[in-house]
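Taking the form predicted on its own, here's one chain by itself in structure tokens.
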Amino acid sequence: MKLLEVKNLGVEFHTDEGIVRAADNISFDLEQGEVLGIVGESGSGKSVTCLAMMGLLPMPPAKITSGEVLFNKRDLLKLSEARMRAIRGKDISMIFQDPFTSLNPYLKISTQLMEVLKTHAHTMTYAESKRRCIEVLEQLGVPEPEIRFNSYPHQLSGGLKQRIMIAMSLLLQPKILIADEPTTALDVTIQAQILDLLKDINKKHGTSIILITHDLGVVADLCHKIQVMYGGRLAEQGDVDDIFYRTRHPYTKGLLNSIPSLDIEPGSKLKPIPGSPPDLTALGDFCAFSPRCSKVQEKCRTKRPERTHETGQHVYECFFPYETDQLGNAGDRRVGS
């Protein structure tokens, strides 16, 4: 069952430098219990897409120019702020990027956790609310949850702060959890713990998850589907096997080639993607990746490719995609395997 359907979403920012098309005709869906990874460089439109879905973009300068966001068949873009406030946190929750700045340093963890229940669970007593908070902290592996509950953010490590943010998002058992770069600013060991935690939440509670990241290696073992974005546009979309083993778009192949793997010979150099991300105020009716693409031809510079739909959910925007026998290292292994 499709829990969420995003159809042709368009988001613009009106700035002094011009119009920034941060999300341009973005479409995807999410089923009950599914994990979707949205991958791309900084500025590719990943976070903007999800903030638009949640009704959290500042308007102006942001403007939603097109599309629908259907949650349980209701278009979230047409709901009033009061109705959206009732959905945010209760049905759809979001973990924001930086755990070090997402918590209010002046308030105890207890106050920040309890605020969620005060907003949405009006009938719960203080004792019931506290019990629910401690229960979720225990489920997330927070040591000495009673002590952490009464702590200030500066008394916690980065990993514990991120667990508190996840706890805040799970208090009301939302149907969808959006995790925006949840491992940013955390060391590698803690990153692995947070990703394992998200996997556990998905398996135990059937929570649908949208994981936003710039690292394809992060999504390899966690996600069922992956959407690769570039320049505010869809580059490629498909299930995990489509993206890793049947790569079509040159940008996806570049991302895969630039990630370290145990298969690489000692002393070998990584293959970075040349050039810089595009200026979103200067994107016209042409392929956004064409200035950096090794397969570029004149057609790419003068016309935007249409979406090609292959078997299942595999979709890409490219005039000259890679074929199966051209993939090389980008398609014959799972990152990190």
Ligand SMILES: Nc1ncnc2c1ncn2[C@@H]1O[C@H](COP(=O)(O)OP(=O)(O)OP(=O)(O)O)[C@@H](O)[C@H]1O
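Note that residue numbering follows the sequence shown and begins at 1. Since the structure is predicted, the reported quantities are computational estimates derived from the model, not experimental observations.
Just so it is clear, the following notes concern the form predicted in complex with this ligand, a form of the same protein that is not shown.
This ligand is not drawn, but in the model of the complex it has a heavy atom within 4.5 Å of Gln97. Ser42 belongs to the set of residues with a heavy atom inside 4.5 Å of this ligand in the model of the complex. Heavy atoms of Asp91 never reach within 4.5 Å of this ligand in the model of the complex, leaving it off the interface. Heavy atoms of Pro61 reach within 4.5 Å of this ligand in the model of the complex, making it an interface residue.
Here the chain stands by itself, but in the model of the complex one stretch of 47-55, 300-308, 29-37, 285-293, 47-55, has heavy atoms within 4.5 Å of this ligand.
The three marked residues, Thr15, His214 and Leu280, each reach this ligand in the model of the complex, with a heavy atom inside 4.5 Å.
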